[in-house]
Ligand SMILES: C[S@@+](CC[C@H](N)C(=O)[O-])C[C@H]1O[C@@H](n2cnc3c(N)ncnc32)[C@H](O)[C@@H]1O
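A single chain comes next, written as C-alpha cells; it is the form predicted alone.
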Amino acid sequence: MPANERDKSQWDEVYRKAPPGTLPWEQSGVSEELMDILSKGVIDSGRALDVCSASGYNTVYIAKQGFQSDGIDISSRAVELARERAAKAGVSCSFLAGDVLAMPYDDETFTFVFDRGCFHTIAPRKRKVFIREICRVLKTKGKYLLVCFTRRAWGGGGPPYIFTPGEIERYFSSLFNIVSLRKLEGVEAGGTGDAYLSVLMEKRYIDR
C-alpha cells in the first residue's frame, strides 16, 4: 500500500473511533490565533484554505468572516464531519479529501492559508515539498498563518515534531517573509505544558 494510502487509512480510523470534538486538536474549538489575526484586518479578503482541516471548526469560522473558504484533509471521514459542521452552521465551504503534498488547486488560488498543526506532522524529508505547495497555491503577498509546536510536555519526538523560531525561519525564508513570530504557552490545545509558535508569513514575489 502506498504511504499516502496508509496515512489516509490510519487517519480515517482515528476519526471513526473518536467522537466529534474529543480529539486533542479539536477540544479547544476555533483557533484563538486565527480569530485574533482575522480580527486585525491584515488578511486580504478572497479565497482561504485551511490545510489539515480536520472536522472543519476553523474552515467554518473563516467562512463566517466573509471568505470563500476551502478545507483539505487526508481523511475522508474528517471531510464528512466537516461538511456536516458547515451545513449545520449554514455556511458554504468546499472540503476535499486530499494530500497536502500535492494539492488539487491551481497556482495562486488563495489569498490566505491557515495551518493549525499540519506542518508539524510532516516528515523531515517531505517538508520542502509541503512548503513549496503552500507557496504555489498562495497569491503573491498572500498570507500564511502557521501554528506549530515548539515544545511539548511529553518530549520532542515526532510526529508531531517541534521547531525553534530559527528553524522556522530557515525552512520558510527563501519563499516567505516573516511578518510576525510569537511563542504561545499552554494554548491552542489546552495543554499547560505545551508551547507553540504562531507565525504569520507573506509570500514573496517570485520571478519565474
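These figures come from a predicted structure and were not determined experimentally. For every residue, the number given is its place in the sequence shown, counted from 1.
The form predicted in complex with the ligand exists for this protein as well; it is not shown, and the discussion that follows is about that form.
Student: Which residue among A54, C148, I37, I168 has a heavy atom within 4.5 angstroms of the ligand in the model of the complex?
Tutor: It is A54.
Student: With the ligand left out of view, which of C93, L81, V137, I74 would have a heavy atom within 4.5 Å of it in the model of the complex?
Tutor: Partner contact (heavy atom, 4.5 Å) among the options: I74.
Student: Can you say which of 168 to 176, 137 to 145, 41 to 49, 54 to 62 gets within 4.5 Å of the ligand in the model of the complex, counting heavy atoms only?
Tutor: It is 54 to 62 that comes within 4.5 Å of the partner.
Student: Is there a heavy atom of T121 no more than 4.5 Å from a heavy atom of the ligand in the model of the complex?
Tutor: Contact with the ligand, yes.
Student: Using 4.5 Å between non-hydrogen atoms, is V100 touching the ligand in the model of the complex?
Tutor: V100 belongs to the contact set for the ligand.
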